[in-house]
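Take a look at this single chain in structure tokens; it is the form predicted on its own.
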């Protein structure tokens, strides 16, 4: 008896789980096509230097880092954006803008495994590069909403903030970027009091502390009301006001023709350091963890040696979305096509059974062949278990007349049909 188990934080996906994961992945791909995002594939293993450059302290400490056999320090990608930014700074340097890129695959973080959080996980990723306009941010929000809606999720909402609000206040108080990042990490963990204490120790004015405290307490679903209130709160901080106005423009566009629930939270921060504008995360009431998130990052590409390129993106969490769909008992793929199994009634019928199954697959009818030499009744009950819709029984009497028995496994009715009619019968809807 072997005692091998999966490595901690890694999972096996059995057929049903794998099918669900791939289904959600397929929908993310269809949307990429619908909105004109082209797929790229980047390596799972990247240089440590690239991945550590701008990901933020939190992720830096949780990367899978190792030396390869050539002595290079490498890491498994903890997110996609650094890889995409590397491509845009190098091979896609001269590509016409805007660049709309899509990726999907597995990512790795050495987190403490818990509900909905694993060390190997799957994400899709949409990046729109080359526009600093609110239209670009609004499009990324629209894609996010469209995906959740298309998958049939209910009561989801998108929590939205803007890094420019907090950074605008802190910059005007002469708090340097390094220290701002440190404060953002605290806010990402919802440690508001600790953040305020730290800001006070950094010599911020009383006005700053009062303003921030108010900002942290402001949140709600009445989008434009909350924005108005926030703008009034931060009125003494010019670039924070500009950030609120930017958010208003984005949301005016994004909610035109799309109705989705928002939770505006101006004091919200995300763990990645490279955000410069809007940030957001998607939630359903049944789960505490975000189903995905994103934001604007206008400086990352030049930090990787590329041309200054404004960019905004979102990464939907594929396995978390699967979890949310299961919680809400949502339908995954709805099978509409007929599936067949071809069963030879005795050993002499094997060759003909092979021939018929090949003929059905040629016209794209999903077809299995009875390969274990079981009795017809055993083969039929196995087909039931596998949710196959039709059984084609190949027997000598029928075959002599160029026919087979076609049994509907749902209604349990069967009839003898000509082999040449088989395709037409199976192509008809269930």
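Numbering follows the first chain given and starts at 1. Just so it is clear, the structure is predicted and the values come from calculations on it, not from any experiment.
Not on display, but discussed next: the form predicted in complex with adenosine monophosphate.
Annotation: in the model of the complex, residues 86, 126 and 306 none come within 4.5 Å of adenosine monophosphate through any heavy atom. The chain is drawn here without adenosine monophosphate; in the model of the complex, the stretch among 287-295, 68-76, 199-207, 173-181 whose residues come within 4.5 Å of it by any heavy atom is 287-295. In the model of the complex, adenosine monophosphate lies within 4.5 Å of some heavy atom of residue 121. Contact check for residue 195: every heavy atom lies farther than 4.5 Å from adenosine monophosphate in the model of the complex.
Put simply, residue 109 is close to adenosine monophosphate in the model of the complex: some heavy atom of it is within 4.5 Å. Proximity of residue 213 to adenosine monophosphate in the model of the complex: non-hydrogen atoms within 4.5 Å are absent; the residue sits far from the partner. With the partner removed from view, the residue among 277, 134, 310, 317 that has a non-hydrogen atom within 4.5 Å of adenosine monophosphate in the model of the complex turns out to be 317. Exactly one listed residue, out of 104, 251, 169, 272, brings a non-hydrogen atom to within 4.5 Å of adenosine monophosphate in the model of the complex: 272.
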